[in-house]
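Okay, here we've got a single chain as structure tokens, the form predicted on its own, with questions on binding and movement later.
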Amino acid sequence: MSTIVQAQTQVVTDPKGFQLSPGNRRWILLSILFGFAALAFGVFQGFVQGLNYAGISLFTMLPGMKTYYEGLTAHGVLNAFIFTFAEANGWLSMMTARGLGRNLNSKLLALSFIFLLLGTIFAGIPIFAGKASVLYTFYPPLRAHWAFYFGIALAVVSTWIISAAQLLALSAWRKEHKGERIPLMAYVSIMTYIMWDISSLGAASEDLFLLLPWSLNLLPGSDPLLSRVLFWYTGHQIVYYWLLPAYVSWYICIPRLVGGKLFSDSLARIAFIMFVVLVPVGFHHQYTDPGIGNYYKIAVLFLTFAIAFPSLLTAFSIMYALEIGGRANGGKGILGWFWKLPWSNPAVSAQVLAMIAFLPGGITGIMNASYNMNLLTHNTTFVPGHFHLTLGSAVTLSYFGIAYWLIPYLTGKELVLKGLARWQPWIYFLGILIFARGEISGGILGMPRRTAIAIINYEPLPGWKLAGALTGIGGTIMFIACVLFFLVIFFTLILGKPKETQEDIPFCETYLGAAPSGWQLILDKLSYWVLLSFILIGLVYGPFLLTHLPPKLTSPPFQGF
């Protein structure tokens, strides 16, 4: 490997003076900041949730808050939907534009932001009015106000608009670069949205054709089983819509930030292709559901283990890049390189700590996908302990790290409170480890999730109090770390000094670059992988839908308000 080749095509290494247009920059920055604003509201609700497990009930003290479930719904919707949608919409729009060396359609970016903003308003008003306490999974026969379902639909449409903007830009780029490989920076960003386009069809269909008309009394009842199937068709893959934007940063930016190099362009593309193809894994969330045959559960058991493989490919690629960087900085021995990473850079430390936290997150995910383990952990705090290690650490910590260089890049201002920024990821990392330890250990002991533990009228089982105390302590530390992050970003926006020079987006180099010919060309045939995904979806979900359509709309609504 004496020759080092770029992971990107020429348009990335030599963009010929490419700059984000004022329109692109405006809407991307607004989307990023709006996402963090949603996170701020959601994180406060999460703080109150953590204290609940420690036996401290603050819900009755919050203005307008009627029930525990109202707060839990707000926490889930703001953090799992609005925050992640807004960040991905902005972040991957920018990466696509920079990768292709051409701006996206600013009108589409503006339309996407408006749809997300309206969706947040429509969904948020009934949540905080106590008329949509159905959690972010919104299972029927629980019924919310119609505005909640309409708002969720608008938020999803905002992501489809971004995908349309990406594909239009890609089509125009291909006309100007016939025969060239899609730049990796753009490829992984576009594939993330293609995966989400396919995956979001389930919950979108449930929302638009079953729940929204039902909430308007246009349908006689609901079909809880069909609705759950459609939701979980999307509900597991949304995890990858949360995670893959972080992967984009890990593949593209982290190698450059640590002074390392990516191993293989093709390996990165194959990992993202696998996420597109292996969409139908949602039934593993329904192992305990009656009315679903063993065929579906066994099929998705194997597919779920298969979809862990691209994450293992990612772990290899990123650890390789980190080790190259650490050794280039003087690291020696088996692990000496690890300590030579640029830990003083919060953009690096936040994302590397996110990777470390993601290790137990992935392991507990495999445990949840195992049928026998699922019977033990289902509907216990083990489950939120797991996804706080994924969404709550791998994703959120990565977005913190990305923001530490992205906000200065978009605003042209120097980051302020740099000392605070250096400590913030470590404080959050400590908090998530304590928090997850509490929830996972409590779940193994049977501590229920989605339960107002602070006001239960029965004696907690042995071990619950310690697990709850750890959850509350960890959640409090996480909340403090989030406040520190918001302070750094807020003061950067209002007090940051103008940067003397505008730096480029950090993009990686690779040892094995994008081959101009040979078998690797098929990796860029995006339609092939989309077709293969739909074939697999048909094999897994087709038999179920054939036997369960038309819907059995017989279940009356239950409204807890």
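So that there is no doubt, residue numbering starts at 1 and follows the sequence shown. This structure is a prediction, so every number in the text was calculated from the model and none was measured.
The discussion below concerns the form predicted together with heme-as, not included here.
The site on the displayed chain is open: heme-as, placed by C-alpha superposition from its pose in the predicted bound form, has no atom within 2.4 Å of a backbone or C-beta atom. When contacts are defined as a non-hydrogen atom within 4.5 Å, none of Arg143, Leu216 and Leu226 contacts heme-as in the predicted bound form. Residue heavy atoms within 4.5 Å of heme-as in the predicted bound form occur in exactly one stretch of 218 to 226, 284 to 292, 186 to 194, 397 to 405, and that stretch is 284 to 292.
Residue contact check for Arg174: none of its heavy atoms lie within 4.5 Å of heme-as in the predicted bound form.
Looking at Lys107, you'd find every heavy atom of it more than 4.5 angstroms from heme-as in the predicted bound form. Proximity of Tyr233 to heme-as in the predicted bound form: non-hydrogen atoms within 4.5 Å are absent; the residue sits far from the partner. Val258 falls outside the set of residues with a heavy atom inside 4.5 Å of heme-as in the predicted bound form. Leu322 is the sole member of Leu322, Val248, Met94, Ile152 with a non-hydrogen atom within 4.5 Å of heme-as in the predicted bound form. Contact with heme-as in the predicted bound form, defined as a heavy atom within 4.5 Å, holds for exactly one of Leu359, Leu461, Ile125, Ile480, namely Leu359. In the predicted bound form, no residue of 101 to 119 lies within 4.5 Å of heme-as by any heavy atom.
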